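First, one chain by itself in C-alpha cells, the form predicted on its own.
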Amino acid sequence: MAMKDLKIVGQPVKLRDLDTHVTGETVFYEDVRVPRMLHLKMHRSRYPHARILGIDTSQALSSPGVVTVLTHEDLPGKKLYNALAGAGVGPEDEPVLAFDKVRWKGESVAAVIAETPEQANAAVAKIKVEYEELPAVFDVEEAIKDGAPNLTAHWPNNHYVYPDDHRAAQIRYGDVEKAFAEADHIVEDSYQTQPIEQAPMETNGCIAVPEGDGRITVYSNTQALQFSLDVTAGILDMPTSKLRFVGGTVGGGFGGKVDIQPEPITTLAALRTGRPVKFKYTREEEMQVSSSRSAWRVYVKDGVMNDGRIIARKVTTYQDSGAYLRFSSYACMKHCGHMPGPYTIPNVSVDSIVVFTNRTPSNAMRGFGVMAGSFALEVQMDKIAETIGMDPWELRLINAYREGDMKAHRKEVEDAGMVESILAAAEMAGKQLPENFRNMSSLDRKAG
C-alpha cells in the first residue's frame, strides 16, 4: 500500500453504511418481523421521590388484550443492577422495577404486556400505586448538606465514595495556596451546565424472541451489547449462554443508548409469556426518562501573573448524577483528569464530586465529563484575558502545553499540537497575531 493511501486527514471519507442508509436497506431492530409479538408499556412514577406503599395491578390484568403485568416481585434474580459492577465499580444501586421507593419522576414501577401498544397503554393507566410522597432535592450543593433528603442507604450523604474512601476524584499538583499568595491577580467564577438529551432519531428499544432451544434472542439498538447481555443475565438469574443479543445499527446514540433499561424487562416478559415482546420508548419517554448528559457545576479559581502566565488553578466540580450511579463515577474521573485543560499550570488542585439528586439519572454523551470542563475553562480563560487586559488568543498561546510538559495528573505531554491548532484557527479567522506569537511552536516553549 502506498503512503498516499494512508493519508486520511483533510480527505473526504465515505461512511461504510452510507449507501444502505440512503437507499433504506439498512436493517434496524424494528425491522425484525416475528409472529404473535406482544407489546410492553411501562407504568412510571409521577413523583420524584416517594415511598411505595402498595401496587395494585388487578384492573390492568383484567383489561382487554393484557397478557401479564410485571412488578419487582416477578424478578427472579437481582433487583438492583449497575452496568459497571462487573468491572468492580459499584455497588449495584438501580432497580429494574422500583420496589421500596421511587427516586425520580418517570422511574419504572410496573410493566404491562399486551397484544397491541394501545391495549398496553390503556392498561397502564389502570395500575394503582399508593405512594407516600417524600421531600426531594434537585440542587447538587443542597443535596450534600446536612439534613438534606436522603435518596438511598447506598449513599448516606448523597454523594459517591470512591474505593479509596475519597468523596471526590482528585488531583494535587504543586502548592496552589502558596502560588495564589504570589500571583498578581486572582480570577474566580462559577459555571453551570444543564442536562442535555441526545435526541436520537430512533428511540431506545428492543425485541426479545424466545427460541425453540430455550434461548432468548434479543434484537436491540443498545450501544453496550455485552453490558446489556451480562446485566440481563444477572437480573434474570440465568446463564449468559441462554441469551443471544443481536445489535448492529443504532439509529443515533451518542452515548445515550448505554442505559440498559429496555433489555432486562423485555427479556423477562418474553420468558413469562413464551412469546416475542417489543418495548420501544415513545418520543416523550426518550425525552423525559432516557438518560441525559450530566449537569455540572464548576468552580474555578486561578492565580495569574501580569505577563499572562497562570501559575495556579483550583477547580471544584459537582456532577449531577441524578438518582442512580450508572456511568457517573467514570465520567467524573475523566472530568478530573481533563483538568486543568490543555494548559501547563505548575500548581493544580481538583476535586470532582458525583452527587445524587431526584433528577433523571444521567449517563454518557459524546465526551461526557470532558465537555462541561472544557466549557467552563475556556470561558474562564476569556475572563482572565479581560481581567489582565491581554488578548485571549495570546493568553492561550502563552499557557498552551508543549511537547514534554508534565500534566497535572503526572502524564507527560506527547504529540502536542495545541499551539499549531490555535495558530491555524487564527489564520482561518483572519486574526492578526504579533510575529513572536506566530513563531511559537509546540516543540519549543522558547520559540517566538
Partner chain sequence: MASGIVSIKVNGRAEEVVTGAVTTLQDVLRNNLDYTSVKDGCSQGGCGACSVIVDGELRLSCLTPVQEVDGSEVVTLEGLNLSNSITALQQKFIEKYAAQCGFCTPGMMVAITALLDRNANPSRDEIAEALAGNICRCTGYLPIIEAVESIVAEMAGIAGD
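Definition used throughout: the rigid core is the maximal C-alpha set that superposes within 1.5 Å between two forms. Residue numbers count along the first chain shown, from 1. Since the structure is predicted, the reported quantities are computational estimates derived from the model, not experimental observations.
Omitted here: the form predicted in complex with its partner chain. The next part is about that form.
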Region of this chain that lies against its partner chain in the predicted complex, out of 276-284, 211-219, 342-350, 94-102 [heavy atom, 4.5 Å]: 276-284
Residue contact check: Thr203 to its partner chain in the predicted complex, 4.5 Å heavy atom: yes
4.5 angstroms heavy atom contact with its partner chain in the predicted complex for Lys431: no
Phe254 within 4.5 Å of its partner chain in the predicted complex, heavy atoms: yes
Non-hydrogen atom contact Val9 with its partner chain in the predicted complex at 4.5 angstroms: no
Residues of 28-46 having any heavy atom within 4.5 Å of its partner chain in the predicted complex, listed in sequence order: Phe28, Glu30, Asp31, Arg33
Core fit, then Asp19 C-alpha moves 2 Å or more between this form and the one not shown: yes
Pair Val246/Val13, Cα separation in the predicted complex versus the displayed form, closer or farther by 3 angstroms or more: closer
